[in-house]
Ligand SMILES: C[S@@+](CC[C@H](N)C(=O)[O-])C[C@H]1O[C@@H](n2cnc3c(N)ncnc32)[C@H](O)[C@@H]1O
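Single chain ahead, written as structure tokens, the form predicted alone.
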């Protein structure tokens, strides 16, 4: 199982944004949706061995934390375009505002309330995690101690100081995909590429 944990900072966690302004008023939901689509879609199929966990810090003083989990083994209606993916995530956020616990908003998409710091700490303490960041050790320079299975990364905004402190305290190794600053969706694509090569014995 490949798992991506994405920190989402400025998307309204109550789903109060329009699909016509994903890059602006929606807090860069365009890149979040693109990252989710990239995590799962391949040519004429989906990656069934992949899971994406989105931790929404929300925006505004009264914002509530939300978690959305997308499971490739069950997800339906997920298409390559960012608008339809954003619509699935928006639906989950809007409906989650009325649910006190986790629920399945559509097949393979589960949403619910969380404390983002506590949830990030719990996930970071599980084995097999790496923090994908520009200042990390180059992926292909890492010693072959077994492939990581959980990848922590952020939306177009840097992790907050509190989030960074949690990841550092968990002792996560930091890994970089290269010398250039890449978009979140591009990083996910490269991770899949490296893991696909390793599984095929070609890395």
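Since this is a predicted model, take the numbers as computed values, not measurements. Residue numbers count along the first chain shown, from 1.
Quick note: we don't show the form predicted together with the ligand, though the next part is all about it.
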As a check of understanding, the residue in 176, 160, 149, 69 with any heavy atom within 4.5 Å of the ligand in the predicted complex should be identified as 176
Given that the ligand is not shown alongside this chain, does residue 65 nevertheless sit within 4.5 Å of it in the predicted complex, heavy atom to heavy atom?
no
Query raised in the report: Contact between residue 50 and the ligand in the predicted complex at 4.5 Å, heavy atoms?
Result: no
Point to revise | Contact label in the predicted complex: residue 183 to the ligand, heavy atom within 4.5 Å | key: yes
Practice problem: Answer yes if any heavy atom of residue 22 is within 4.5 Å of a heavy atom of the ligand in the predicted complex; otherwise answer no. | Solution: no
Per contact check vs the ligand in the predicted complex (non-hydrogen atom within 4.5 angstroms), the hit among 98 to 106, 70 to 78, 127 to 135, 113 to 121 is 127 to 135
Looking in the predicted complex, the residues of 13 to 47 with a heavy atom no more than 4.5 Å from the ligand, listed in order, are none
